[in-house]
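Okay, so here's just one chain, in structure tokens, the form predicted alone.
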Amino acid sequence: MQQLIQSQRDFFNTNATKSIAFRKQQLQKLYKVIKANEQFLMDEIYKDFKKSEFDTFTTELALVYSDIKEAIKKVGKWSRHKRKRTNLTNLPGKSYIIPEPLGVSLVIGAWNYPYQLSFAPAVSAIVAGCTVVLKPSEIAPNSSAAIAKIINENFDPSYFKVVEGGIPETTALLNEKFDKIFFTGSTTVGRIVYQAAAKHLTPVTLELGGKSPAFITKTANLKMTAKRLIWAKFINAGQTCIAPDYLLVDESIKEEFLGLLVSEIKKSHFSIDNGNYVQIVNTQNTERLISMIDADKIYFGGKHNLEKRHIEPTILSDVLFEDKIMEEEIFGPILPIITYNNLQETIDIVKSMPKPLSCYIFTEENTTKNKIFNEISFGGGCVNDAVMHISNSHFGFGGVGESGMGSYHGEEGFKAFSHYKSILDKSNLFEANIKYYPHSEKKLSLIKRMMGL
């Protein structure tokens, strides 16, 4: 690990990565490498999840391709010196900020979308001008090996290297000094990464998770709401960090809405055989999810097969905030329904919980929408939709509090791996004598007047 990181530091210090032409060249190369190995990547992720080519393309590769193309197009603009206003005290002169790459970066990917959540932050590091050590998640072993193969066979390790392994390898990496660490995963592991980074004062971006609520109010378009929520919850069998974790449904529409949810599940034909569904990633996670299902509260579904790592889409009704399923992020195909009569009381309970990564509001009332937005702190979200905010690279994606820190995608990703140097560029035409010795009452009076004091 020490040799690898030193080689990347040596290469970074040649200034090669700071060239816009070099960054574009590497991004174009990455695009071609992924494109050339697209079928291989699809075959390997299928071994981990039974994930269809449709889902692999739409939820993994398409987003990466889009990120790369945008980065190539906009790297020049993002890297420009940006003029800032110069205050009266520093005239004549000009002020600007210079984006510079932080240096040697470590990207630790997540298993649930192994390609997207490994390559997307790596793209951000490359466009910013950093070198990259990428550690994919070992929990999806075939996907991890595929990433390592296509990158390590095509890139110089002193610039872009994939390191495979589990806790020992990750620990060894975290013991080294990086200039930036980007981690996607659980809050528990996020704390470990943050502590390791603190030893070297390394800046971090943490993309974590949490129990993301969805409010379904009585003014919501219930049919469209059910359609969008069922897709958002059960895509990737619920193994999505921004999936709606639980629904908060107005009591007056509960029965009608439950019926629409069941109808939508049936119409969706969730099955691994037809490519509309995936396996749970491993036996351990399957067991954990099965233990969360309260048989007395099953409204629909609940069947499971541990050997095949399969849990059918399941709806739990009459759930309380005190129930076991509300103790931790579900990260699977189980959807608890909590009903409410008093919106304010419900908001207060959500506010008392750790800040979620996402929040979704289904309503036609601006008053209700604005009330929830103003009172609940969360990373990002949608009105009358769910999950889809991640597809818009025109704003950043990230969490807050226990759901993460920092953001990325598009220009926000460039910023995550950059430092902005503030520069005052002074003219030598003349220099006011006011700040120089000897001090005097007259000078002090003039300074106060200039400051409006």
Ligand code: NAD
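Counting begins at 1, following the sequence as shown. Values in this document were obtained by computation on a predicted structure and should not be read as measured data.
Separately, the form predicted together with nicotinamide-adenine-dinucleotide exists; it is not shown, and the next lines address it.
Contact annotation: N276 falls outside 4.5 Å of nicotinamide-adenine-dinucleotide in the predicted complex, judged by heavy atom distances. Within this chain, D323 is remote from the site of nicotinamide-adenine-dinucleotide in the predicted complex, having no heavy atom within 4.5 Å. Proximity of D294 to nicotinamide-adenine-dinucleotide in the predicted complex falls outside the 4.5 Å heavy atom cutoff. Contact between T184 and nicotinamide-adenine-dinucleotide in the predicted complex is found at the 4.5 Å heavy atom cutoff. Picking from 104 to 112, 222 to 230, 313 to 321, 348 to 356 the stretch near nicotinamide-adenine-dinucleotide in the predicted complex, with a 4.5 Å limit on heavy atoms, gives 104 to 112.
Note on the partner interface in the predicted complex: the residue among L306, A198, I167, L91 having a heavy atom within 4.5 angstroms of nicotinamide-adenine-dinucleotide is I167. Of the residues F160, F215, F378, F331, just one reaches nicotinamide-adenine-dinucleotide in the predicted complex with a heavy atom at 4.5 Å or closer; this is F331. Contact annotation for the candidate site: I98, I126 and D179 all lie away from nicotinamide-adenine-dinucleotide in the predicted complex (no heavy atom within 4.5 Å). Looking at 216 to 245, the one residue that comes within 4.5 Å of nicotinamide-adenine-dinucleotide in the predicted complex, counting any heavy atom, is C241.
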